[in-house]
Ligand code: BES
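In the block that follows, a single chain appears as C-alpha cells, in the form predicted on its own.
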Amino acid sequence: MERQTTSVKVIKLEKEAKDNTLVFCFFKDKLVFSKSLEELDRNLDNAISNPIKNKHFKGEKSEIREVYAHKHMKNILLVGLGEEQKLTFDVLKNIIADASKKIRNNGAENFSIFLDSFTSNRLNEADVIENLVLSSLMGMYQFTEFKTKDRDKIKNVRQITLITNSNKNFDSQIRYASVVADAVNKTRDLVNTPPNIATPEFVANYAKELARKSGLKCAVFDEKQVEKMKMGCFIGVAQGSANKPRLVVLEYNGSSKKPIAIVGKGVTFDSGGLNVKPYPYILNMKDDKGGAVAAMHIIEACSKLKLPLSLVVITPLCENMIDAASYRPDDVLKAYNGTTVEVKNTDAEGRLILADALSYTLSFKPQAIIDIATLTGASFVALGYIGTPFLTTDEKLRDRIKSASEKSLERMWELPLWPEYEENIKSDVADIKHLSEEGDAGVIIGATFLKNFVGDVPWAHIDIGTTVWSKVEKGILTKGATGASVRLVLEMLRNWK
C-alpha cells in the first residue's frame, strides 16, 4: 500500500505568497492585522480585510469563508477560531483538519497557513506548528486503495507551507508530527483493508517488510511453532479458521536499558466463533486487528524518530471463525504460562490470544508492558465514541498515560482494578474463566483476566474497542479506522525517561 505523501515546510513571512491557496485564521474577538499582514493584504488588493470590514466574515469558531482574488489567481481561505480565551489545541486540531479537507476537495495541490494572523500568548508557537501539521495530515486522510473508477479524480495535497515571523527552527516539530501522522494514517490503511486480503499471513508479511525498511529485528512464528510453544489459548481461538495464525515479534534497540513491551491484539476478522455475532455487530470486524496494527506502526515510528529507548512489539494474529474445529464454550485451554482457562463465550477471544502473548512477553524481561486491544463493546457503554478506557497496575504508568493523553489529544479515562472483580472470573473447573457470566463491568473484567498473565511487571491495558472506528467524517476523523492509540503511545515514548 503506497501512500501519497504531503511534505511540510516553514518559511519566513514574505510579501508575495506563491501557493495557490492561502489560509488566514482569526479570533472572533481579535480581528486585527499585524504590520506584516497589512502589507500582505495590500499586495492582495485588500482581499483579506474586505470581508472582515463588510462583516461577511466574523471569526466564529469553525467558520470558513472562501475569497477569490482573481488578479493574483489566489484562493484565500478565512478561518474562524472563535474567542481567543476559549481556543484549545483540541479545538484547533479539528478546525484546521476541516479547513485542510476543504482545500483538498477544492483541488489545490498546495497551500500556505499564515501563523501571523492568529498569534496568541496563550499558545506556544512550537506546539501550534506541531498540532497544525499533525491535524492537517490526519484530516486529509482518505482510503482509496480499492477504488477502481475515476482514480484520476482523486485529489491530494502535495505541499503545506507554514509562514511565520519567527526566526526559530521548527524542524523537530515538523519531523515529529509528520512521522506520527504517517504512523496514524498507515494504521488506518491496514485496519481498513478488507479481511479477505488482510489475513494473518498478509499482516505478518507486511510486518516483515516494515521491519526491513525500518531496520527493525523481526521474527514470525507460524502455527506449528506457536503450537510447540504451548500457546494453548492462542491456538484454541485460531483453530477454526482456514487462515493459519502468526505470531509477530518486532524489536527496536535504541538503548541498552530493558525494553518497553507493546502487545497488540490482532484478530484479522472476528465472526464471534460459535457464539456468532449477530448483524450488524459483525460488520467492520476487520477492525479487530487495530491494536496489533497500531503497535507495528508505533515501533516503526520510534525507529524513524530514533527515540533513545528499546521496544519490543508482540502481535498474535489470527481469525476467529466457525468450523467443526472451532473452540467451544466450556472448553478448557492451557495458556503459555500454564494457567488453565475455562471458555464461557467464544466471542471473547481477544483476551485469550493476549493471555499467551502477554505471558510470552515476560521472557524479554521488559521494564513495562502496554497492551492495545479492541477488547470489548463495553468500552462504548463506559465512554461512548469520545474516549478510551485504560487500566493499570502501576502509578508511574498511570501518570505517563494521563500526561500523554493531554498532550496527544487522545482522550483517556482510567477504570479501577479493584480486587473484588477477581471473584467474577473464578472457575469451578479450571484456574480461571475468561469472562464473567453476569456480563457486568465488561472492560474491567477483561483487564482483570489479563492481569493474570503479566506477572509483577508494571502493566497498562488500553481498550480501543470503540475508538478504533469512526462513523463520522469530522475534524481529524474520517469514516473508518481512526488509528486509535498511536498518537498517545508515541507521546508517552517520546518523553520516556
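The structure presented is a predicted model; accordingly, all values stated were derived computationally and were not measured. Residue positions are given as counts along the sequence shown, with the first one as 1.
Below: the form predicted in complex with this ligand, not depicted.
Chemist: Flag T374 as yes or no: does it have a non-hydrogen atom within 4.5 angstroms of any non-hydrogen atom of this ligand in the predicted bound form?
Modeler: Residue-level check for T374: yes, a contact with this ligand.
Chemist: Using a 4.5 angstroms cut-off on non-hydrogen atoms, would E349 count as touching this ligand in the predicted bound form?
Modeler: Yes, E349 lies within 4.5 Å of this ligand in the predicted bound form.
Chemist: Is there a heavy atom of A47 no more than 4.5 Å from a heavy atom of this ligand in the predicted bound form?
Modeler: A47: no contact with this ligand in the predicted bound form.
Chemist: Given that the partner is absent here, does D270 sit within 4.5 Å of this ligand in the predicted bound form, heavy atoms only?
Modeler: Heavy-atom contact with this ligand at 4.5 Å: present for D270.
Chemist: From the list R246, R188, K265, H297, which entry has a heavy atom within 4.5 Å of this ligand in the predicted bound form?
Modeler: Residue within 4.5 Å of the partner: K265.
Chemist: Which one of M285, L415, L123, L307 is close to this ligand in the predicted bound form, taking close to mean a heavy atom within 4.5 Å?
Modeler: Of M285, L415, L123, L307, the residue with a heavy atom within 4.5 Å of this ligand in the predicted bound form is M285.
Chemist: Want to guess which of 358-366, 114-122, 340-348, 135-143 is within 4.5 Å of this ligand in the predicted bound form, heavy atoms only?
Modeler: Only one stretch qualifies here: 340-348.
Chemist: Can you name the residues of 463-482 that have a heavy atom within 4.5 Å of this ligand in the predicted bound form?
Modeler: Sequence-ordered list has one entry, G465.
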